[in-house]
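Below sits a lone chain in structure tokens, taken as the form predicted on its own.
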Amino acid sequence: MDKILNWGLLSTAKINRALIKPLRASKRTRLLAVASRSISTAESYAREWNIPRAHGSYEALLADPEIDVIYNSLPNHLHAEWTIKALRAGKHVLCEKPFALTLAEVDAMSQAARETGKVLAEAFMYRHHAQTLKVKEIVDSGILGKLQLIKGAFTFTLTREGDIRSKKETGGGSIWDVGCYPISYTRMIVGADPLEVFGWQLTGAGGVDESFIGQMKFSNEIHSQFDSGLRSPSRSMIEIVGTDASLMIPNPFKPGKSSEIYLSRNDEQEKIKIKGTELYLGEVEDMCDAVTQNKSPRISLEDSRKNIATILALIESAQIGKPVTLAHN
């Protein structure tokens, strides 16, 4: 039998709620502890979610000898610092997306993982879902013909005043929060990284992009367009266009236990139904496989690095008003 892994939540962030259920559903995990910057907050959260241990500092959680895996759900600008600290403390780490805000941070995180021999992976939950795997299978089968265009969108309306996603100093902005999804999805579908990108952004009062519109050019005449936003209606989609057919994925980033995608060819549309699992369970099980069976995580550190490099190039393009070529070294 696989070892049961004890998990600790690094912060009381809202996104934790998505992981608590799969951590309890998996036979290989136990949610043992939560940490906050104050013991009262940690204890209150632990009572609310029936978590056995509460730690009044992040350091205390990392010092807990029974914790095997840390889920880092801190704000974006703290991902690198606390992931590295957790790795150095002997913990495996599932780090919430976006993995980091600079390539230097990514490289430092990867180096810490190599030096400690601990598993480190980015928490892009959609990548593990049956719908995503089916879409990739369809594209790779050649049914669509030669890939031409991929279009994506992920937007919503941010209503909470003072939210960290609207602050530049905490790594806010729509491209970091939701634009990273269509960028990651497109790269996965193409199976390569863009050669050149171009971006436009609409900047809000907090100095972050409240809307981002981007284009990516790949080799083999494949192009991509996407938009992300914090001040738009809720939208989520991916469309993949080939020379022979197109595929529409209405809910690409948060598919559920049952989902539908649509294949269009010869003026006819075929509905493909997909039976899935609880959305966040895949990343939990993937982490368990990596820790207990020495399997490589589905999302490699190199993949995460290239996604961050693409985001940074798009932001640079929006700032200088010119296309940016990617080296992907």
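This structure is a prediction, so every number in the text was calculated from the model and none was measured. The numbering used is simple: start at 1 and walk along the sequence shown.
Quick note: we don't show the form predicted together with a small molecule, though the next part is all about it.
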query	finding
Proximity of A123 to the small molecule in the model of the complex, heavy atoms at 4.5 Å	yes
is_contact(T170, the small molecule) in the model of the complex, heavy atom dist at most 4.5 Å	yes
Distance check, N76 to the small molecule in the model of the complex, heavy atom within 4.5 Å	yes
4.5 Å heavy atom contact, D177 and the small molecule in the model of the complex	yes
Interface stretch in the model of the complex with the small molecule - options 66 to 74, 25 to 33, 265 to 273, 286 to 294, non-hydrogen atom within 4.5 Å	66 to 74
Proximity to the small molecule in the model of the complex, single hit among G199, P98, P182, G229 (heavy atom within 4.5 Å)	P98
Of R165, K134, R127, K151, the one that lies within 4.5 Å of the small molecule in the model of the complex (heavy atoms)	R165
